[in-house]
Structures are given as C-alpha cells and as structure tokens.
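Just one chain follows, in the form predicted alone, and it is written as structure tokens.
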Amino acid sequence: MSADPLILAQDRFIAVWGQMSGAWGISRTMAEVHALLYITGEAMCTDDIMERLEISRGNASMSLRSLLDWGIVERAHKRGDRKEYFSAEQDVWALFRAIVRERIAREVDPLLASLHEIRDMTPTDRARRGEAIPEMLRDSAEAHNKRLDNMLEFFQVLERLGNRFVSPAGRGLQMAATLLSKMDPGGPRP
C-alpha cells in the first residue's frame, strides 16, 4: 500500500518548516504546528494536531497559544462542534509581516533599550551634569559614545524600516521585496 503523495508532501513541508524554527527563535513543535495548519489550509482541533504530529496535548496547547500570540494562527469554530479549532494565516505577506513584527518586538526593541542604557552610563553624561572628568577619559568616552551612536542609528533605521514595512494594514514588506527583487546589482543582463 503506497502512502498518499499529498500527505507525504505536507509532511515534508512540516519537517522543513520545523528545521527553520531555530532561525525564527521558536520551538520546532511550534513551527511544525504552524506548518501543518498552513499547508493543509484547514481548521484543525487540538486532537487532530496531536494525532497528525504525534505530540502531547501540552505541547500542542503551548504551541497554539504562542502562535495565537504571534498573530499567525486564529481560533475558528465549526458549526455544531463544541471543539475549538485553529487555522493559520494563508496570506504569506501577512504571515511574514506578523513574524517580522514579533521579531522586532522580541529582539530589536530590547536591544535598543539596552544600547540607550549603555550610552547613558558613559562619563560624558557626568560631564554634562557638571562633574569633572579627566581629559583622557573624556576622549575615550567620546569615542565609545560615537561607536554606540553609530550602532544606535543603524538599529533605529532598521526599526523604522521594519515598522514601516510590517504595519498590519500596509503592504510595505511586499512592496519593498518587489522593489529589491527588481534591482540588479550586476547591471543589465544580455
């Protein structure tokens, strides 16, 4: 008896999506639950997800809760059925906007806050408050601050770009990707 080729293709997609989980900073199971809901295009209950992925109820529930928090899975209800169902966002641009938004909130925003705190720790702030600091220390602090300011500027630009591209109602990410794909750094092709 041969296996259903569609199921095999879905399983392969789920496995590949699960392998990418590390790059996203999420658990493999969370990525696999999302992949299952996305690739089938069907609303599924927790029991169906557990059976298909061969995972525990706790693992399925935690993954679904996280996916709901990320905004890439939503609750769905089937008429006449008391079970809770879940479906994945099917628009890939909306999906990746949500992922980028979450990554900015989890990674870039805390980094910026830390960089600002570090910047505020330097001796030049003491000088601004009227405290005397040795010239050599002041020069080192100014060079230190310049490096930090460059880093802050870089991440602030990334944050602004990211926020512009991932607005929930906007198509900024898709437009940016389309524009970038049309740019050919190698010049015109023959």
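It should be emphasised that the depicted structure is a prediction, and the values quoted were computed from it without experimental measurement. One-based numbering along the sequence shown.
FYI, the form predicted together with the DNA isn't displayed, but the following is about it.
In the predicted complex, none of the heavy atoms of residue 41 sits within 4.5 Å of a heavy atom of the DNA. Taking the partner from the other structure, the DNA in the predicted complex has a heavy atom within 4.5 Å of a heavy atom of residue 55. Residue contact with the DNA in the predicted complex: residue 61 places a heavy atom within 4.5 Å of it.
Under a 4.5 angstroms non-hydrogen atom cutoff, the DNA in the predicted complex lacks residue 109 among its neighbouring residues. Stretch-level contact check against the DNA in the predicted complex with heavy atoms at 4.5 Å: of 158-166, 141-149, 61-69, 33-41, the positive one is 61-69. Of the residues given (91, 120, 74, 84), 84 alone sits with a heavy atom within 4.5 Å of the DNA in the predicted complex. Along 19-41, residues 27, 29 each place a heavy atom within 4.5 Å of the DNA in the predicted complex.
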